[in-house]
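Have a look below at one chain only, the form predicted on its own, in structure tokens format.
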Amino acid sequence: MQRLILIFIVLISGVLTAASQSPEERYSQAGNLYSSGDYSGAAAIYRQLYDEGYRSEDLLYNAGNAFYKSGDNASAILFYERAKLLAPADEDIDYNLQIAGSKITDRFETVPELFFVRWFDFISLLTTTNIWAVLAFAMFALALLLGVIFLTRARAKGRLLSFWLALAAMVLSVVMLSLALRNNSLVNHNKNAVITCSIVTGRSAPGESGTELFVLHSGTRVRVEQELGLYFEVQLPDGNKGWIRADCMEKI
């Protein structure tokens, strides 16, 4: 009985100590654990910080490294993918993601993505949603100002130039607004997910009664098409679709 009480006190003390630490202190603690070889402990802290809403490319990248070192390849891929959304041009993230991806069991003939869609997504991730939105508003305000100049100065020199500049500013405003919306969709409402169960069966309908269509293994990336209770309909990289359990995947 005394031993149980002692264990309870130790656990409570640990919880209170963790709660009293600032996010910066816990982040630093995770780095120290990683350096000392306690990869699972570091990964747990990084995961906790992420679940509490903290976001940065360094946090996500380090979490991916910690999960990879601890042997959780699926979680490593998940956090590398998340880090890539905040730093799409980071070569280290790409390299580590390729290394982790090489250990995935499933292989698919992927449907190629249109190059202009890929580049639009890349550009949208170069900065945040808020910055794109501010730039869009600034271009819109500039377009209005140039439009007023065009309408009020009938004989002023360069009047025609103000018209074309207003038109260009308006087009840029629409483009930047589109980039803001796309960035928000990719970062905050991403439909891609990573399989976290070691093995899961895709079926033709939600539930266990559907016909078995395919089998997926941990680390495979899928796209969520529909959500129905405890089951998600997912699209595989080769375009095939099926229903799998929601608790066997985590959205990027």
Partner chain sequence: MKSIVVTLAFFLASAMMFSQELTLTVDAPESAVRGQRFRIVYTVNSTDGQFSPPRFDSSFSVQGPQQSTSRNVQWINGQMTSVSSTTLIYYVVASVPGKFTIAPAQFVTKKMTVSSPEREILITNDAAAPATGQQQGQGRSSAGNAETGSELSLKLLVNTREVYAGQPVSATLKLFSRINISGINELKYPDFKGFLREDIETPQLKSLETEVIDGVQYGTGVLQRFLLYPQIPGDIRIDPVQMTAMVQQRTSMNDPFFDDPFFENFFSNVSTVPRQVATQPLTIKVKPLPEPRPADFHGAVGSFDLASSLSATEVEVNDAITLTITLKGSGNLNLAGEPVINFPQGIEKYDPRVTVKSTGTASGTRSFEYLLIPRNTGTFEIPPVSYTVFDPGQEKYVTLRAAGYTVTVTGNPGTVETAPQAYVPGEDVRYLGQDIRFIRNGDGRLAMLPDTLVTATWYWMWFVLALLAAAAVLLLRREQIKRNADIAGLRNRKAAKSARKRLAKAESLLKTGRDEQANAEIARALWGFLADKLSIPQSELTREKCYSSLRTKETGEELITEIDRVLSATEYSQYARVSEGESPAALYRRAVRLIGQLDDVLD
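Residue numbers count along the first chain shown, from 1. Owing to the predicted nature of the structure, the values given are computational and were not obtained by experimental measurement.
There is another form of the same protein, the form predicted together with the partner chain; it is not shown, and what comes next is about it.
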Does the partner chain get within 4.5 angstroms of any non-hydrogen atom of D92 in the model of the complex?
-> yes
Does N96 reach the partner chain in the model of the complex if we count a contact as any heavy atom within 4.5 Å?
-> yes
Give a yes/no on whether P23 approaches the partner chain to within 4.5 Å in the model of the complex, heavy atoms considered.
-> yes
Would you check, heavy atoms only and a 4.5 Å threshold, whether S209 touches the partner chain in the model of the complex?
-> no
Would you mind picking the one in F163, F120, F137, F108 that has a heavy atom within 4.5 Å of the partner chain in the model of the complex?
-> F137
Within 4.5 Å of the partner chain in the model of the complex, heavy atoms considered, which of H217, R223, R47, R55?
-> R55
Thinking of the partner chain in the model of the complex, which stretch from 223-231, 192-200, 209-217, 28-36 has heavy atoms inside 4.5 Å of it?
-> 28-36
At a 4.5 angstroms cut-off on non-hydrogen atoms, which residues of 179-215 are near the partner chain in the model of the complex? List them in order.
-> A180, L181, N184, N188
